[in-house]
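In structure tokens, the next block holds one chain alone, the form predicted on its own.
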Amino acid sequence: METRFKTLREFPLDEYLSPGATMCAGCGGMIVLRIFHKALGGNVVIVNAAGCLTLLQVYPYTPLKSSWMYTAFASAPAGAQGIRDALDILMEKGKLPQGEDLKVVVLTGDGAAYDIGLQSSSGAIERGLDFYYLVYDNEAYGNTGFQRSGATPFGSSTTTTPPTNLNPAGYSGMKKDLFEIWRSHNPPYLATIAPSHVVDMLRKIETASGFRGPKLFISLSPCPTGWGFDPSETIKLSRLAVECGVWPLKEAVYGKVRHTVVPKVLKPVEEYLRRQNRYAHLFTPTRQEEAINFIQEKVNEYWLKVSATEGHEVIKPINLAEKQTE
């Protein structure tokens, strides 16, 4: 498919999200929402599941030029269904011109996407609802104190998984694979995106717009407050996550997966981990070599599998034994 987004010069200039909102400085979710809205245009209605970005709409103020509907954690896809059905019925009856149709976008954090709202999402996919499902994934319940969510990765410290004598690595479980959970439903389009890779994001939104049905976008959304880093580092951390292989950028069209950004040589995950206070316990007061190596090995395994299945140039994994002797 030919794309109109070849470089950042094609970045849309229209703005639908005003500056000066109530979100934390450096919020990765805000950056992604701004770009996503630019790519879709102004004819959008956002159905928001309870979460961090709910604080955008503090009555009577709003930074958005588009429509907004707030729902509880579990029911955003159900709200999207009602809006989509209403629009379709009005157009069918001639009461709404085709030019006034709206794109329906569910906006949700990882808490609703991976956990509380998973059931209603599954139902919406099964019904073939024509909507965009945008997840700003900051890997915890950020709005209520940064508790562990189904998206929390191994080794992360949250308010409910702090490092202890029994669990010095912090969270000992693994992050759910929401991409694969959705892919098992066989929707038309799925993608992962990152605020550091704008052209990649714009191309994916453009591609998704050619499909009718459920369309998933999971965005890494660095959170300065919960992750513990300077707000000016948001884009740098996002780029490091991609370069270290922690956040693969990929898409799937009717189940067929293709990685859109493939690092030829992975940077050590330590470069990504060290910049965040949520991983500080892995390095001080005692370096937890086993936990750091485990994270690296999982990344290496993933990309070796990608190399084998997609035929890319083999990505050389980090040699942990050599790294330890440097």
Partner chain sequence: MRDVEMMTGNTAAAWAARLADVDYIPAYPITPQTEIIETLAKWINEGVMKAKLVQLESEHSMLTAAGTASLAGARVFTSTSSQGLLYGFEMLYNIAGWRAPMVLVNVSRAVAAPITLEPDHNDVLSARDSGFMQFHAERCQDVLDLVLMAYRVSEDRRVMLPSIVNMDGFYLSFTREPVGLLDKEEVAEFLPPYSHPQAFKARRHVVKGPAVIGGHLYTFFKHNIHESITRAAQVFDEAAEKFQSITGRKLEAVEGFLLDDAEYVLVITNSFTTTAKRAVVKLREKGVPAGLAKVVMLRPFPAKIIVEKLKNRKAVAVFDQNISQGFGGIIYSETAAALYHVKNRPETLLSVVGGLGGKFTTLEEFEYVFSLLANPDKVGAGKPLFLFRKDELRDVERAMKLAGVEGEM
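Residue numbers count along the first chain shown, from 1. The structure displayed is predicted, hence computed values, not measured ones.
Although not depicted, the form predicted together with its partner chain is the subject of the following passage.
Contact with its partner chain in the predicted complex, defined as any heavy atom within 4.5 Å, is confined among 88-96, 139-147, 215-223, 201-209 to 88-96. The shortest heavy atom separation between R127 and its partner chain in the predicted complex is within 4.5 Å. Although the partner is absent here, V45 is a contact residue: one of its heavy atoms lies within 4.5 angstroms of its partner chain in the predicted complex. Its partner chain is not shown here, but in the predicted complex it comes within 4.5 Å of a heavy atom of K65. Within 4.5 Å of any heavy atom of its partner chain in the predicted complex lies no heavy atom of N167.
Residues are counted as partner-facing when one of their heavy atoms sits within 4.5 Å of its partner chain in the predicted complex; in 106-127 these are Q119, S120, G123, A124, R127, in sequence order.
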